[in-house]
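The chain that follows stands alone, in the form predicted on its own, written as structure tokens.
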Amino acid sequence: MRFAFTDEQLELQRVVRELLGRECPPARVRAAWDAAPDTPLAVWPQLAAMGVVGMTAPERFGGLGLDELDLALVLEETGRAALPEPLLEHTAIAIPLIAETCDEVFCDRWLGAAAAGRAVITVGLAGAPFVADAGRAKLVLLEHDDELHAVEPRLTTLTAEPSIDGARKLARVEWTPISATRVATGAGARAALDLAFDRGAFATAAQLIGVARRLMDMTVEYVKLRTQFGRPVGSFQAVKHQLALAHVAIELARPCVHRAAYALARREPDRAVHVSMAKAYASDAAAGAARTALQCHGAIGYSFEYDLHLWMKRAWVHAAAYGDAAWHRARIATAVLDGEP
């Protein structure tokens, strides 16, 4: 049995990292904080041209027909770059949700445009008061009881909401469920929405791994240069220990995320347990990396002008999204004690 990514998956990760290194430097992430919620996406066209935006769309609609295992490393790279664009909602959740629940006519109308990057689709699931990037979306998938609705912005009222992570544009979506917007209902819709939640938790965990690794990279570089008592602070044992503990936590969380990707891609019956393990470990690892980074940077880490906060705040926000670590541990405990996946 092979427990490794394929050469093609690793090559895609490398190419995406190079693209984001060029097109999504910290200055672009910082600029996204001040951008209006409906500002055109800067990196989206390049990601679409590479096929990343439409990775999960079926090939007959112009996508690549790939699954969560193919997406995992790409999501890590978007976390590492703190990409301020809705790949998580659009590619990891919305496209598969439409493909699995909607009829051919609806898919033909929306999935081709979504795969090509011409139409941004975002998602608002129950329990989340706000919807990410609703101001840029051509379509919003919304949960209402055991129903899935596909709502165009003209049928909604959007109210911008502040976020700790200013690059992540949130909105309160007010709308009225009607039969014309309902695309799935009943047990089928409930199962699809549960799967969509798990995909969101997995994708957030994957991005958290990238965020945490970037925080550690920045911190290691800083402690090599920052001197005290005539020596780099990175040479002090206390600093080494903090960095080592944060690194171990990330490396323990990463295979859990990959295992969750496998469970989702193979539709394993106990996928929820693997997803919850991934999200709990990744949330804790990223929060720990943010805490360690701030501790090792000292006062400069609190500065808005310094780039560290762009990744710290992404870590804090994502650690809470799609269930925080405590929520996912409770779900694991329930599954273990009840003997159900």
Partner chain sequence: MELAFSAAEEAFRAEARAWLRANVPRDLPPSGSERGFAAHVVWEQQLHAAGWSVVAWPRAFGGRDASIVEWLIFEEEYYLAGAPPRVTQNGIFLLAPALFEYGTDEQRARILPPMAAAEVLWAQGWSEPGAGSDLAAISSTATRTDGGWLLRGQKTWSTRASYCHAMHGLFRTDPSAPRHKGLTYFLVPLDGPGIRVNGFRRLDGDLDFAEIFFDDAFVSDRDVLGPVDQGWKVAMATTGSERGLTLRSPGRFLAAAERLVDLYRRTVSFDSAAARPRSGRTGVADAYDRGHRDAVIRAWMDARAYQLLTLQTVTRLVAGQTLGAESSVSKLAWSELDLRLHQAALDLLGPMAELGPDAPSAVDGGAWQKGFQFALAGPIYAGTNEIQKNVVAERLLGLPKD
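Residue numbers count along the first chain shown, from 1. This structure is a prediction, so every number in the text was calculated from the model and none was measured.
The form predicted in complex with the partner chain exists for this protein as well; it is not shown, and the discussion that follows is about that form.
Proximity of Leu41 to the partner chain in the predicted complex: non-hydrogen atoms within 4.5 Å are absent; the residue sits far from the partner. By the criterion of a heavy atom within 4.5 Å, Ala280 is counted among the residues contacting the partner chain in the predicted complex.
In the predicted complex, Gly298 approaches the partner chain with a heavy atom inside 4.5 Å.
The closest heavy atom approach of Phe61 to the partner chain in the predicted complex falls outside 4.5 Å. Checking 203-211, 82-90, 164-172, 95-103 against the partner chain in the predicted complex, the stretch whose residues place heavy atoms within 4.5 Å of it is 164-172. Lys224 is the sole member of Arg109, Lys224, Lys138, Arg182 with a non-hydrogen atom within 4.5 Å of the partner chain in the predicted complex. Contact annotation for 186-224: residues with any non-hydrogen atom within 4.5 angstroms of the partner chain in the predicted complex are Arg190, Leu193, Asp194, Phe197, Met216, Val220, Val223, Lys224, listed in sequence order.
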